[in-house]
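Below you will find one chain, with nothing else, as structure tokens; this is the form predicted on its own, and questions on how it binds or moves follow later.
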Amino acid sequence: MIRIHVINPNSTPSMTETIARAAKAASAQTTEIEAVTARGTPASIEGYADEAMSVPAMLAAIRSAEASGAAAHVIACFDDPGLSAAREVASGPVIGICQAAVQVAVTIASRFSVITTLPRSVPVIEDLLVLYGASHRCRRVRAVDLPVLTLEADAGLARSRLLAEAIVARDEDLVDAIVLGCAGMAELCDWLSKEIGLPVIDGVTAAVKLAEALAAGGFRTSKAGAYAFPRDKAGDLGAAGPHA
């Protein structure tokens, strides 16, 4: 049995439930999904400040899951907040849902567009696409101009705007696939794909399958360089040496 720890970095339990359903639907029978809601973090993550405030609790949850035997971790926010820091504190693989979705997109499609929630998230995702080496494959990052929590609060409006934006992406961007740019959209893949006739990629599903593959293959996070465990600095002040 492989146990995958899926952490929702925001503090909204209902979003964790949506993420958990998508993760469990994607996982193999031999995989256990442990979905956790971060504590004391913003209700949704919409920008750099929200990201920063979510990271300490997320790292604490990852440390706890590691100690209890989790084989891999999924950060279920499309901004991939604290991803490098999470890889420092974890032995098992840590997968961000943006990176996972992008890796799937460039594998199954020549060009894709991303559809996210608010316009303020567009530059964040554009920067991630550059970081992941996929900006030349992404035609456009689009926004439905709805807050993250409205995806649940008004599901009908969210579906209507998402469908309209996906049709424009298909017809104007001339893409082969659509990537959903928010974990709160995780359960809309099959519906949207049938509506527009294109593959639709959800990062939660992509991350869970990648985490399963890495864990089953025995891959671990390298501790030789940048992802080495954080140092214990307790003795540093007393060991400065004669030239301090």
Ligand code: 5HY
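For every residue, the number given is its place in the sequence shown, counted from 1. If you're wondering where the values come from, they're calculated on a predicted model, not measured in any experiment.
Keep in mind that the form predicted together with the named molecule is missing from the display, and what follows is about it.
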Among 131-139, 78-86, 104-112, 152-160, which stretch has residues whose heavy atoms lie within 4.5 Å of the named molecule in the model of the complex? 78-86
From Val94, Ala166, Val148, Ala100: within 4.5 Å of the named molecule in the model of the complex by heavy atoms is Val148
Using a 4.5 Å heavy atom cut-off, state whether Ile45 contacts the named molecule in the model of the complex. yes
I'd like to check something about Met15: if you look in the model of the complex, is any of its heavy atoms closer than or equal to 4.5 Å to a heavy atom of the named molecule? yes
Contact label in the model of the complex: Ala183 to the named molecule, heavy atom within 4.5 Å: yes
Given a 4.5 Å distance limit between heavy atoms, list every residue of 102-122 close to the named molecule in the model of the complex, or none if there are none. Thr116, Thr117, Ser121
